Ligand SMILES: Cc1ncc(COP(=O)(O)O)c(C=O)c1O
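Quick heads-up: it's one chain on its own, the form predicted alone, in structure tokens.
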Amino acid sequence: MAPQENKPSSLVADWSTLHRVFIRPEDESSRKTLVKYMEQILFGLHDFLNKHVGVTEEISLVKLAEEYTDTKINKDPKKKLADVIKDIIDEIAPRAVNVASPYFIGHMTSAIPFFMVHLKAITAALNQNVIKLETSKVLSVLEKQILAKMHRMIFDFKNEFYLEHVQNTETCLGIFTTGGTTANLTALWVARNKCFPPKDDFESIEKNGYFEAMKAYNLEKTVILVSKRGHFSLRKALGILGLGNQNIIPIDVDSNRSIDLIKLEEKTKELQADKKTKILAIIGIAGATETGIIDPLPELADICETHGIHFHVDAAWGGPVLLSDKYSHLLKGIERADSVTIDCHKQFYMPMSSGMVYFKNPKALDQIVYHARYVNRPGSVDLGIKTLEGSREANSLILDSALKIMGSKGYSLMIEHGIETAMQFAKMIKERDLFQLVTTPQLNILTYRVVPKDIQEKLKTADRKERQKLDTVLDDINIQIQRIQREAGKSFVSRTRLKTSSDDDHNTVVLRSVIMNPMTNVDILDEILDEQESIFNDLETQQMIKKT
């Protein structure tokens, strides 16, 4: 794609043109062209996706960057809408990432059901703003209904509870957010405010600030406890909330790679004995980003109840597993949480970007109420008074519609396919001599690495120092394989760093797979491993040539 030049345009920006842009296509020919391209867009760019089963075009980011250096805004219009859409389909789409490809198994972004594009288009066309009833009306009412459905999926209270709160204007069971990061931030924001109730002249941390809260309660710091696999959004949250991201206390993981309960209990008792420190929350992970592992939620709930600590569960990834009768038991204990994060754009397969946070106590969100005279006035029942975001699109409409189209059984089929295909993939990795399975999948994420036979033999007898040297060699091999495979554009796995030995301090490079696409099958996974073996063999051949 050549750099766009600022050439004179036959199109002119005037009131007549703007009027047409706002209400209708330029002419009948344009209308037909728009319909043609909208068909491609609304059906998931089928032409592109069907022709390109791979992940992206084989072109470097450096080359792409060189083609996008035009920094001037045109004074007059350059193209009609139909032409812009055609350019996107012909020039942008092939160079974007085809996350819908069944060969794309490296991240928590995947294909979405085709109808999601239609629902997103409807939501955009309605352009409702659920900050306030005046800009959303029925969408605000519908949002409270879907929030109650999700709350019931998590906490499963009696029917009377939901009849009382589903449309109660004085309570709130949860909120939609822009994603898991803002959902986690909101949960910890509520927990922080709850942690410091009024005392003497101190009214609230929200009003008086963190310094005054520490002084009123004679404290020096506030901390949260989470396993080392905790999502980095938690560090962001403590930074934003003024608590300091160094006050996230990472707890080691056990042999199952979930939080080590013995070490957690020890650290909790140690901090509780320190009268200058307050534990704000303990966080359980229901589907770690790197490994998919679920922490022992019932035991975490016991610890929190014993010590009177806010229990938050980050189920951004694993929350929808609750819809599966077959695997919902994996999240046992989540119903005892004080707050729960779930992402819609992950295993609810919604378009970017949407998250949710739920609270056991329907009055919990009262901790973060804000008003403004021009929009969310005191006494208003608008959902915007209890959300971090101001303006928000009606993602509730998409989730509500998707559940009607799919049903819980439809979602469970996709979730179960991911978990069971990941199990099969783990078995395939074990059966190949070149690979080592690092984390066995509990959900639908697993990690592994390439380990050549000669290094496998050396690792069996290596001491810690020698193992670290060998791991450094393996790191380089796995980084190269992942990069070459990614740039080739046929398939994609991601990479991260994990300990591969309990007595080793070195975090080694591992390949990470997320089996989310229902079209991904064992034959495709076999091809991906074949490609990695082929890349390794080419690398080995190159090394031999260099030596000679």
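As the structure is a computational prediction, the values presented were derived from the model and not from experiment. Note that residue numbering begins at 1 and tracks the sequence as displayed.
Keep in mind that the form predicted in complex with the ligand is missing from the display, and what follows is about it.
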Original post:
Thinking of the ligand in the predicted bound form, which stretch from 178-186, 270-278, 450-458, 468-476 has heavy atoms inside 4.5 Å of it?
Top reply: 178-186
Original post:
Any of the heavy atoms of Thr421 lying within 4.5 Å of the ligand in the predicted bound form?
Top reply: no
Original post:
Can you check whether Thr289 is within 4.5 Å of the ligand in the predicted bound form, heavy atom basis?
Top reply: yes
Original post:
Asp295: heavy atom within 4.5 Å of the ligand in the predicted bound form?
Top reply: no
Subject >> Contact test in the predicted bound form: Met108 vs the ligand, heavy atoms, 4.5 Å >> reply: yes
**OP:** Let me know the one among Leu443, Ile259, Ala191, Ala316 whose heavy atoms come within 4.5 Å of the ligand in the predicted bound form, would you?
**Re:** Ala316
Subject >> Listed residue that, although the ligand is not shown, lies within 4.5 Å of it in the predicted bound form (heavy atoms), from Ser101, Ser136, Ser227, Ser233 >> reply: Ser233
Subject >> Heavy atom within 4.5 Å of the ligand in the predicted bound form - qualifying residues of 330-348 >> reply: Asp343, His345, Lys346
